[in-house]
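One chain follows as structure tokens, the form predicted on its own.
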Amino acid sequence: MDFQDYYKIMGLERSATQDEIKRAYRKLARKYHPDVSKEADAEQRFKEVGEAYEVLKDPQKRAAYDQLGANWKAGSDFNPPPDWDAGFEFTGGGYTQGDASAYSDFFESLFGKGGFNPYQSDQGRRGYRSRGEDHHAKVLIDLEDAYKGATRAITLTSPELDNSGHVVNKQRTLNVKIPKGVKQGQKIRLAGQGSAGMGNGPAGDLYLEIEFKPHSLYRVEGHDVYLDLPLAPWEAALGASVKVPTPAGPVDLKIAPGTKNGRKLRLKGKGIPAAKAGDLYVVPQITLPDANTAKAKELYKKMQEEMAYNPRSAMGV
């Protein structure tokens, strides 16, 4: 997937004001409109300009796009980091003009289904007294917090326009209670933490979507947790009792003789707590000691001589 440099497409500096973005769009839209342009690539350029304007005209989308940094080059291979929009507070969402199918895969990966801004705006509700808009943000927490519950200070970033028309990021920090048993993708509602209402209307709410920080040991699927467990060859071959780390603390695990590499061992109820607790799956990964001493080399040679073992026998070679 190619990175799209929306500023380059619009012929703008990253410091452009919102008025400059609007003027650039009007100029380019007239230039490349397929009904009037004689440019050979007018239709494609018109689509590119429309997509760039869709992002840059919206302070929230623009600020989120800017978080990717200025080091990407147009056309370079790009995959958005899974936590690229973490801690970014926004309202509304979706497309504001045109056919969604006309946008590039790059746009879809950031702002389409499953990405940034998947929520619908409350802006249609207007009147003298109306409820404020809801806010949304993805936040990263430690897996261990889901096991025990915790209260964490979470800093959120949201964009706003200054007096000169530039987008600036505003931050606020909230103390948030992380409930025990929360799972990835679950939303925590903070009542009254959205936009203020109009005409003494109530404030909107803030919805925090939970994501787990990357962990050096565990990976998560729903309420289940997976752990790759290194085993020595003799532990796998002869059986053993080993200490296994879990997010709730270490446990003893019996390794059966002849345990194969990659075979899942289930620890029932040791996953994320819930009404129906998840499981923890231990996946053995057999590792080999280094043959970096004369004694180690001698032992490997002895195994080679005394054990009739061909790991490729099933392949007919």
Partner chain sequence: MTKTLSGVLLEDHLELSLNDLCQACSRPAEWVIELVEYGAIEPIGEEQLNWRFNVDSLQRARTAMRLQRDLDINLAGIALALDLLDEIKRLRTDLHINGSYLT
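For clarity, a rigid core is taken as the largest C-alpha set superposing within 1.5 Å between two forms. Keep in mind that what you see is a predicted model, and the values were worked out from it rather than measured. Residue numbers count along the first chain shown, from 1.
There is another form of this protein, the form predicted in complex with its partner chain, and it is not shown here; the text below is about that form.
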According to a 4.5 angstroms non-hydrogen atom cut-off, is G249 in contact with its partner chain in the predicted bound form?
no
So in the predicted bound form, does N169 come within 4.5 Å of its partner chain, heavy atom to heavy atom?
no
So in the predicted bound form, does any heavy atom of L265 sit within 4.5 Å of its partner chain?
no
Can you tell me if G185 lies within 4.5 angstroms of its partner chain in the predicted bound form, counting non-hydrogen atoms only?
yes
Only one of 103-111, 161-169, 238-246, 175-183 gets a heavy atom within 4.5 Å of its partner chain in the predicted bound form; which is it?
175-183
Quick one: of L68, A291, A29, A42, which gets a non-hydrogen atom within 4.5 angstroms of its partner chain in the predicted bound form?
A29
Only counting heavy atoms and a 4.5 Å limit, does any residue of 208-225 reach its partner chain in the predicted bound form, and if so which ones?
E209, R219, V220, E221
Rigid core superposed, CA of A42 - does it shift 2 Å or more between the shown form and the other one?
yes
Checking Y281 here: with the core superposed, does its CA move 2 Å or more between the shown form and the other one?
no
For T151, decide whether the Cα shift between the shown form and the other one is 2 Å or greater, given a superposition on the rigid core.
no
A change of 3 Å or more separates this form from the other: in the predicted bound form, the C-alpha atoms of E54 and E209 are farther
